[in-house]
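Given next, in structure tokens, is a single chain: the form predicted on its own.
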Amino acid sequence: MIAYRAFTKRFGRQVAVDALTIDVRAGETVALLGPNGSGKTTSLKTAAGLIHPSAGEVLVGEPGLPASKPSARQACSFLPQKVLFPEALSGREVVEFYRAIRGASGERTDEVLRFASLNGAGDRPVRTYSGGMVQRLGLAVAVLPDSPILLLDEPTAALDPAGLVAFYDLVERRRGAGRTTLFTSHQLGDAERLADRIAVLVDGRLAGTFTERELATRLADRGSMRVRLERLTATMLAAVREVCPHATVEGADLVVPGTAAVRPRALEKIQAAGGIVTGLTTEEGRLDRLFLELVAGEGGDADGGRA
């Protein structure tokens, strides 16, 4: 449905995206995850036909056509990260304007306004809307044509709780209907909840592709437990290393890296060696650290490739 083939985009000397190759299959929900400036928005806008590749290509639809062709754009609906509408128009007028452009049926206006949960504000001017309401109106416009492909740039960034509920429901319904959704985010929670696959972009490069479970495992492996002891001895460290070979001493703390599963066994070893615990903290794996590890080539790809 969406195929990036060695897609590269340069803005002057800056390389925004570097040789991105990935497929988004029909009926799949894929998240482009990465820190700010990683090339997520550029990749999405190119699939929407708003940006042209400097090298490589982006194909959309079945059969795949260059994303810049009008016939390819007809298969897509795009929601930008920052949504702006004429403030003098009402929400209903905004929807009606875009409905006419996309050739959607008349009943779609009421359907998408109900979906957006504007709570009777559809006839009020947009200038009276909160930021969350404007974002929900943007979602309403994006889903108007019920396109086979939905492209969403940071869709939850400005959503209020009501908008989040509507958005999560939208993605689930599209998956059930065999529709394709590609969205960007720097929030792991959105990707974990919604995506079939997660593509991690760092510095414009594809650093890895993961299922939600695979990414959660990667982060869990990079957690740690820090144990403060009344008296720390070499015997205690040796005992903990029987279950966690990479355990270290930092100041007065014994640091046990790894998943939560190893922590109870490490505490048992400490107690068996006569240790008295006076403090304990845990830290789960941090996404930013995984990003750095992946782009440095230390983590490899969870699925064995960059597809």
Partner chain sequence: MRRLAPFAVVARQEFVLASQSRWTQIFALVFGGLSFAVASSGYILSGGHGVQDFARTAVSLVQLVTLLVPLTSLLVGVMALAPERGAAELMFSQPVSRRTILFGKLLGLFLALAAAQGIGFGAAGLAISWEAGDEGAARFLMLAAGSLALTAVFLAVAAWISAGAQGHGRARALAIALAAWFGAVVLFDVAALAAASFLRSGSASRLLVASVLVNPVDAVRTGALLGIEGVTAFGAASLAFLRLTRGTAGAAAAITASVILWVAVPAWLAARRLERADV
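Positions refer to the first chain, counted from 1. Everything numeric in this text was worked out from a predicted model, so none of it was measured.
Note that the form predicted together with its partner chain isn't included here; everything after this is about it.
Residue contact with its partner chain in the model of the complex: H52 places a heavy atom within 4.5 Å of it. Within 4.5 Å of any heavy atom of its partner chain in the model of the complex lies no heavy atom of S185. Taking the partner from the other structure, its partner chain in the model of the complex has no heavy atom within 4.5 Å of any heavy atom of M133. Put simply, F85 is close to its partner chain in the model of the complex: some heavy atom of it is within 4.5 Å. With its partner chain omitted here, the record of contacts in the model of the complex names 71-79 of 161-169, 105-113, 211-219, 71-79, defined by a heavy atom within 4.5 Å. Taking A199, V141, M225, L194 one by one, only a single residue has any non-hydrogen atom within 4.5 Å of its partner chain in the model of the complex, and it is V141. Note on contacts: among A247, V58, A48, A31, the single residue with a heavy atom within 4.5 Å of its partner chain in the model of the complex is A48. Contacts with its partner chain in the model of the complex, taken as any heavy atom within 4.5 Å, map within 1-27 to K9, F11.
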